[in-house]
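Just one chain follows, in the form predicted alone, and it is written as structure tokens.
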């Protein structure tokens, strides 16, 4: 039976989850921008805009300790991080471009080496997705196989209705459990008319054709034409829901310190710099080529998934105006 939740009860749900000692994360006004941040009350939630950064930080933090070390009595003591202390979490208010990204990242995080830091957070998290009615001309989720009402990745999916309430659909057992535990906040019924979605400027792309072109054009004048202006700032990678490069460093002294995992980006000049000094991606257009290849060829070839959700954040944030959707349209239009 379809379920309905009012906006006030959605906020009441957040209040209850906080009281239950859950880590509740959702869009929140932080200064002048909306970010995914811990919510301390239902009144913190804002659904008026797409958050500046993606929600991947809940599962894949910008920086985290993975062990500590200390020299004691002439020997080195290594202590692992206690992952059992990771809190039960609820991500609420994530549009399809964010709710769908963990399911994409699951493939690489559980591949030949299982990243138990990421996977433990995934196991302990419930995602409440919401249909997107706030898109703009940078959005292109339809072009990469998603949609403003795509349920993929959500455990519970909300559809905004014109009367201000939300139609609810439990997509997974986690979603069913969330509703069952707070049954009094939900009412049975189909609800009224949904809020219309915003039209997107980019039509559906032929991702198979794009992949084939990439396979045959590792060397092509297009890369210099589109990417020589890239300044290698890494903004596109850091705000992307699907980029997942990281580095590992020991910080401290030879006697006491921590080993940390932190975000990295393939657009950085030193990302592929060898100890010998050789860098196979020695100029910026080669680095940007790798970004496109990874998202639309390599990852698909390895895992059968596109490493892009069409959120448009990289387009909005790029300081020199590189538009990945425009680049994909250019490739999509090529005949050879």
Partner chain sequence: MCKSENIYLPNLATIEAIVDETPDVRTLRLVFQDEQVRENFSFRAGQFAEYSSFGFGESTFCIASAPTRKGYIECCFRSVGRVTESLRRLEVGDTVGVRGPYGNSFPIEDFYGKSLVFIAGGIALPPLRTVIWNCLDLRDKFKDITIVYGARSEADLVYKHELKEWQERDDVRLVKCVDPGGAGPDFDGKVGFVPTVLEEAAPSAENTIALVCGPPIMIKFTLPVLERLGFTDDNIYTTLENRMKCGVGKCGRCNVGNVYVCKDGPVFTARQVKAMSQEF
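Remember, predicted model here, so these are calculated numbers, not experimental data. Numbering follows the first chain given and starts at 1.
Form predicted in complex with the partner chain: not shown, discussed below.
- Annotation: in the predicted complex, residues 281, 286 and 298 each come within 4.5 Å of the partner chain through at least one heavy atom.
- In the predicted complex, residue 76 approaches the partner chain with a heavy atom inside 4.5 Å.
- The partner chain in the predicted complex comes within 4.5 Å of a heavy atom belonging to residue 66.
- Within this chain, residue 252 lines the site of the partner chain in the predicted complex, having a heavy atom no more than 4.5 Å away.
- Interface residue remark: residue 226 is not counted as part of the site for the partner chain in the predicted complex, having no heavy atom within 4.5 Å.
- Stretch-level contact check against the partner chain in the predicted complex with heavy atoms at 4.5 Å: of 136-144, 157-165, 115-123, 182-190, the positive one is 115-123.
- The partner is absent here, but in the predicted complex a heavy atom of 109, alone among 230, 235, 171, 109, sits within 4.5 Å of the partner chain.
- Proximity to the partner chain in the predicted complex, defined as a heavy atom within 4.5 Å, singles out one entry of 103, 177, 248, 208, which is 248.
- In the predicted complex, the residues of 260-290 lying within 4.5 Å of the partner chain by at least one heavy atom are, in order, 261, 264, 270, 271, 272, 273, 274, 275, 278, 280, 281, 286, 289, 290.
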